Ligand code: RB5
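Quick setup: one chain, the form predicted alone, written in structure tokens, and binding and motion questions come after.
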Amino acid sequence: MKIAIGSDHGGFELKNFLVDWLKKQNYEVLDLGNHVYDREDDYPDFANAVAVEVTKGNADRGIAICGSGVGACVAANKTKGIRACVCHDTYSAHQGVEHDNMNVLCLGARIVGDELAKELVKAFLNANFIAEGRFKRRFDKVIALEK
């Protein structure tokens, strides 16, 4: 599985930690930056970069990180085909994929620490969409909203 990941200054350290950890877990990682700490960078640039790589099919899933996760989530969701959610608990991280076909996990580096972030990413990456019944029906309605 190929993972696109990006963050602004608020998530810089957590992104670097997760990039190293994901590689050790044998994931292919597309690190979209920022690659140097820049207090003046902007979360929409990195959240959009993640979203674009997911929608192009260059990554199977994405992770966008900022201070709270909220800004990255708002920005990522502006890209058609992206279903990004802020998750700071493991239930939401896997349920968002299983029920809602979430494809970008947004994390708040000022909210979660390294160990919880690993658990959230594991829950997100190990989940699969349940493409049947009410979940498929609801997903189809969400897709219709984009049109």
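Treat the numbers as computed from the prediction; the structure is a model and nothing was measured. Residues carry their position along the shown sequence, with the first being 1.
Although it is not shown, the form predicted in complex with ligand RB5 is what the next lines describe.
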*Are all three residues 10, 70 and 110 in contact with ligand RB5 in the predicted bound form, where contact means a non-hydrogen atom within 4.5 Å?*
yes
*Is there a non-hydrogen atom of residue 43 within 4.5 angstroms of a non-hydrogen atom of ligand RB5 in the predicted bound form?*
yes
*Might residue 106 be said to contact ligand RB5 in the predicted bound form, defining contact as any heavy atom within 4.5 Å?*
no
*asked:* Although the partner isn't part of this model, could you tell me whether residue 47 comes within 4.5 Å of ligand RB5 in the predicted bound form, counting any heavy atom of the residue?
replied: no
*Answer for residue 66 alone: is it within 4.5 Å of ligand RB5 in the predicted bound form, judged on heavy atom distances?*
yes
